[in-house]
Ligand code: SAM
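Have a look below at one chain only, the form predicted on its own, in structure tokens format.
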Amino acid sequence: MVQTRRQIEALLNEAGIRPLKRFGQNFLIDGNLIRKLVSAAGVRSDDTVLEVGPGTGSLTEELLAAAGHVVTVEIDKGLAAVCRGRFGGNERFTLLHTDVLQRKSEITPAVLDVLRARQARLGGRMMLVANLPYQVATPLLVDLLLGDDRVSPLCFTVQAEVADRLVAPAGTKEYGPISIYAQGFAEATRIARLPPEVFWPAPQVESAMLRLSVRSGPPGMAPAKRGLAEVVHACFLHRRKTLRRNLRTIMDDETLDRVARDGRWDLHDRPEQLTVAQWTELAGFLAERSRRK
């Protein structure tokens, strides 16, 4: 049963805690939207679900009704205790009281270890279903998209501006590295718009619910992903500079000349002008050049 705002407040008061802005604690209190998120993910009884920032467990409860196992990651000691008290006796529930990210940009290895272990036992998918804390959303999604493990689908709520970046077309100001990774490795679907009042405390921005269906790639795809990330990151560090000037920071003159002669990329363009397909082709071109050396 989805908790109302009053029930969440009561749980927090009983535990002697309050929502912390620094952890991005805005609890989703609309039951229809919580159920919509679970439904959009298509959770099955053999799936292992990662939930980041479970709060007081409203979404967790819905996930436990559908999934084979739910792995929750909660950085807040008080909220971790609340969830442990509610679900600790359920053998299909694992709580990790830790930061989901190490060094602010990489998934904590222990989280992936637990996911892999539960998935190996159940045989189904690993997926993300979460009302993501705003501070971790972008680096977490990037690491999941670029990582070795296939975690799919990714169903989540984020700030509307992050959602806009995920689906932004080339040539727009919102278009950037996360647009390229999301569209290059997944199919993105907007599920719903979320006004501030469906959260408590209400954030000062609108949010959105999305699903990313990650495409299955050939074994050993991780190096190709890392190659794409390297060239994209280098070029978008200075997005107002031309491709030629940005690429010169990561390649020698001979390679740069070969890129120019190939003709698929105009080196006078700025990074945001290249389509996702062009970025993928460029990364593949550079990888092939590297293998031939």
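Sequential numbering from 1, following the sequence displayed. Model, not experiment: these values are computed from the prediction.
The discussion below concerns the form predicted in complex with ligand SAM, not included here.
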Work out which of the listed stretches, 70 to 78, 186 to 194, 209 to 217, 146 to 154, brings a heavy atom within 4.5 angstroms of ligand SAM in the predicted complex. 70 to 78
Can you work out whether residue 131 and ligand SAM are in contact in the predicted complex, taking contact to mean some heavy atom pair no more than 4.5 Å apart? yes
In the predicted complex, does residue 43 come within 4.5 Å of ligand SAM, counting heavy atoms only? no
Taking ligand SAM as it sits in the predicted complex, is residue 158 in contact with it (heavy atom to heavy atom, 4.5 Å or less)? no
Does the 4.5 Å heavy atom contact test between residue 51 and ligand SAM in the predicted complex come out positive? yes
Of 105, 172, 90, 98, which one comes within 4.5 Å of ligand SAM in the predicted complex, counting heavy atoms only? 98
I need to confirm a contact call. Of 136, 82, 115, 127, which residue comes within 4.5 Å of ligand SAM in the predicted complex, counting heavy atoms only? 136
Pick out the residues of 188 to 211 whose heavy atoms come within 4.5 Å of ligand SAM in the predicted complex. none
